[in-house]
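Have a look below at one chain only, the form predicted on its own, in structure tokens format.
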């Protein structure tokens, strides 16, 4: 049986009279799988590896958190790879995202139990965790609030526990930053996005998705107390870090 075809992202395909700040509303949720796969280079690899990394560090009788779970891609990747008896907690502040994640989890018959919460991750208590994932989530939190979020995660991890943090990044060198941005645009064009779509979405995200250099993320993680911060993936201006307590 063929898998149902994903709805195609065409949210910015026509000129919009008034561009509003990007939000994870129902229109975005409907096309989100297509949107993120066509917008984030290496996304499928990151998701696959999240499951493998989680399986390595998950411990019996602990919790594994997916903070900013969207429709549950990282949650399901963890669930399908983790072999120990633990509990996965998936959190998203978009009611439509959380509902979609819950539907996808219920349709999946893999291992550990999953709780799906509709909540702001800044308000969720992290406790007795062996693995926490933030997959392209911190970038939507104001920079001034990021240290507190990471500190809360660190405090809630068991010794030896990990945070897997994936982010879109900027570069301190202006020429490198422009090159990576241009190559990212080329990536999106190669996947069918028009220049209009690219420019309108960029404008919608400008005040919502705030990028930082990878060095800033590493410094913040070390300041929170993590013993080791290791970049394990990078493609253009997207990176994923493994931080070990």
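Positions refer to the first chain, counted from 1. All figures in this text were calculated on a predicted structure; none of them were measured in a lab.
Keep in mind the form predicted together with a small molecule is missing from the figure; the text below concerns it.
The stretch among 77-85, 102-110, 155-163, 139-147 whose residues place heavy atoms within 4.5 Å of the small molecule in the predicted complex is 139-147. At a distance threshold of 4.5 angstroms between non-hydrogen atoms, residue 193 is out of contact with the small molecule in the predicted complex. At a distance threshold of 4.5 angstroms between non-hydrogen atoms, residue 120 is in contact with the small molecule in the predicted complex. The closest non-hydrogen atom of residue 43 lies within 4.5 Å of the small molecule in the predicted complex.
Although the partner is absent here, residue 64 sits far enough away that none of its heavy atoms falls within 4.5 Å of the small molecule in the predicted complex. Between the small molecule and the residues 47, 55, 204, 218, the one pair within 4.5 Å by heavy atoms in the predicted complex involves 47.
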